[in-house]
Each structure stands twice: as C-alpha cells, then as structure tokens.
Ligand code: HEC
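Here we start with a single chain on its own, the form predicted on its own, put down as structure tokens.
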C-alpha cells in the first residue's frame, strides 16, 4: 500500500510540475509561422483618414481604451486625447494594460509595419507574434475599414509611454496558453461595406465594429467563452478599479416582449438615449464615443437589434453600488 501511495504521489507531483512548466511556457507561444505578416502598404488619403477617425473616436471606440483613466472625461467630451495606452483592466486572471498606439517608435506602434498592424486588427496577434487578449472585435471588419483605422492611427502624434507588461496570474497564463487563440474571420471579410440604414449594415456595426455582441452576450470571464444567447445580456463587469467598485450587468438587447429593452423602444427613443450619453460615471460602456455615432449608424443598429431572436432573460439589477457588488 505504501508503495502504491508513493507511486501516486510521484505521479501527482510530475503531473502538477509538468502542467506548471507547460502553462508558463505555452502562454508565450509565437504565431509568426502560423500567421505570417503580409507585405502590405496602406495608401492613406484624406477620405480614409477622416473615416478612420470617425471609427476610432466613435463606434470602434479606440480612444476609450487606449489611454489612461485621467483622460476618461476628455474622451467622453469628444476631445482628442493621446492614445498612449496604459489603461488597467483588472480581471480575475490578472491586469491587462492597453497598448500604446501612438506613432512613437520605441513604445508605440511607430515601429510596426502596416502588415503587422493589419494582423493585429484581423487576427489579434501582436507585433512580437504573440496573441493578445481578445478585447478588440475587429476580425470581421471590412478591408476598407481596417485600412482607414490604420491610416488614421498613423497620424497620431508620438507619445513615449512604456506600458507595463500584462500581469497574469497562473490562471491567466493557462487561459492565454490554452484558450485564447488568434481570431479568425467568420467567412471571408468583405472588401467594403456600404453605409446605409439597413438591417444588414446594422448587424455589421453591432458585431464587427462597435462590439455590442461582445458585451451584451454573457461570457465566462475565466475562459473568455461566450455562454449566453446573442445580445441577451447578463455579462458582468466589476466590481473592480475600472468600475470604481460598482457592479454592472449588461441588459438584454433582444426584442423579447417581457425582458428585452428593445421591445418597447422606438427608433427615436433609441437614438435619443444613445445621444444622451453617460448616466453613471463608472459604466463600462463607451457612452461618449457612441453618443457621436451619426444617424445612419444608429438607425441601422436599432433596426438590426429589432430583428435578433427574442430571448427571455430577465436582468433583475443592471447596476449595483459597491456595498452590494
């Protein structure tokens, strides 16, 4: 019996040690071989830069994440702030810091080729070949819109700001090594998407640009896996430093008559609410950038959300103060 217990103990130690070794090395996997950088050059013109600026400061809300908390209110007001990164996302698996996407060569994206930048937006792979936590939902964005964002970001003034490395705990390293993989487009991304007020364009905006799907669909923060019905809400933010210790649960955006908020909103009410901006300072939604969407985008998103499958999912309390979080 003692020999059996000893053998089991040795096997357990070997398995645990092997798992620890594997996790601490697998999370730094380099994807350069699987996803080689394309040799492309983005030809920028005034139209591309203008559209890229609209996307980056509006629906794609780049400025909402790629700056520091001190600039938060300026972003809400629509001011152009340095996108020097450093925003600290405090998650169960560690601290994730937004990248410096100013044109600084040493600490920003100034040293990246257009192909490396493109790969980051399309496949979520950083310039060093390692996968990033998938906060950016741009893998199905049109070729033109990605080019426009790159063209605009290239115009940002260089700001030297050495952003800390992500501080992952063991669980975070395991998730990054085993669960977080490069993003893959769903089918072939479109070359160009016509801006209009159709349901089809609204679906493109809600899924591929503004990330309504990513926040208003419940997901497991331990693995990043989506576990809820699309747009039915239930995704929990906080309590953490980002939400000032409040807890936010995303509402149900489906047109379910009993539990979905879209069931009772007219198009005019939806636009008025989006233009109304932030009600709660610590809400994780980028209200400032979204309030500056034009009528075409807002009408299209509304019309799309009215067509999604109704899901009966009652969110009892969307906002909870710190003592209740």
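Numbering follows the first chain given and starts at 1. Quick caveat, the model's predicted, so the values are computed rather than measured.
The discussion below concerns the form predicted in complex with the ligand, not included here.
K.L.:
For this chain shown on its own, do 65, 120 and 251 all sit within 4.5 Å of the ligand in the predicted bound form, going by heavy atoms?
P.N.:
Answer is yes for this spot.
K.L.:
Is residue 289 one of the residues lying within 4.5 Å of the ligand in the predicted bound form, judged by heavy atom distances?
P.N.:
Taking the distances in the predicted bound form, the answer for residue 289 is no, it never comes within 4.5 Å of the ligand.
K.L.:
Considering non-hydrogen atoms and a 4.5 Å limit, does the ligand approach residue 285 in the predicted bound form?
P.N.:
Yes, residue 285 sits close enough to the ligand in the predicted bound form that at least one of its heavy atoms falls within 4.5 Å.
K.L.:
Would residue 140 show up as a contact with the ligand in the predicted bound form if we use heavy atoms at 4.5 Å?
P.N.:
Answer no; every heavy atom of residue 140 is more than 4.5 Å from the ligand in the predicted bound form.
K.L.:
So in the predicted bound form, does any heavy atom of residue 135 sit within 4.5 Å of the ligand?
P.N.:
Yes, residue 135 lies within 4.5 Å of the ligand in the predicted bound form.
K.L.:
Of 212, 232, 148, 175, which one comes within 4.5 Å of the ligand in the predicted bound form, counting heavy atoms only?
P.N.:
The residue from 212, 232, 148, 175 that makes the contact is 212.
K.L.:
State the residue from 193, 75, 153, 159 whose non-hydrogen atoms include one within 4.5 Å of the ligand in the predicted bound form.
P.N.:
If I apply the 4.5 Å criterion carefully, the residue I get is 153.
K.L.:
Quick one: name the residues from 81-100 with any non-hydrogen atom within 4.5 angstroms of the ligand in the predicted bound form.
P.N.:
89, 96, 97, 98, 99 sit within 4.5 Å of the partner.
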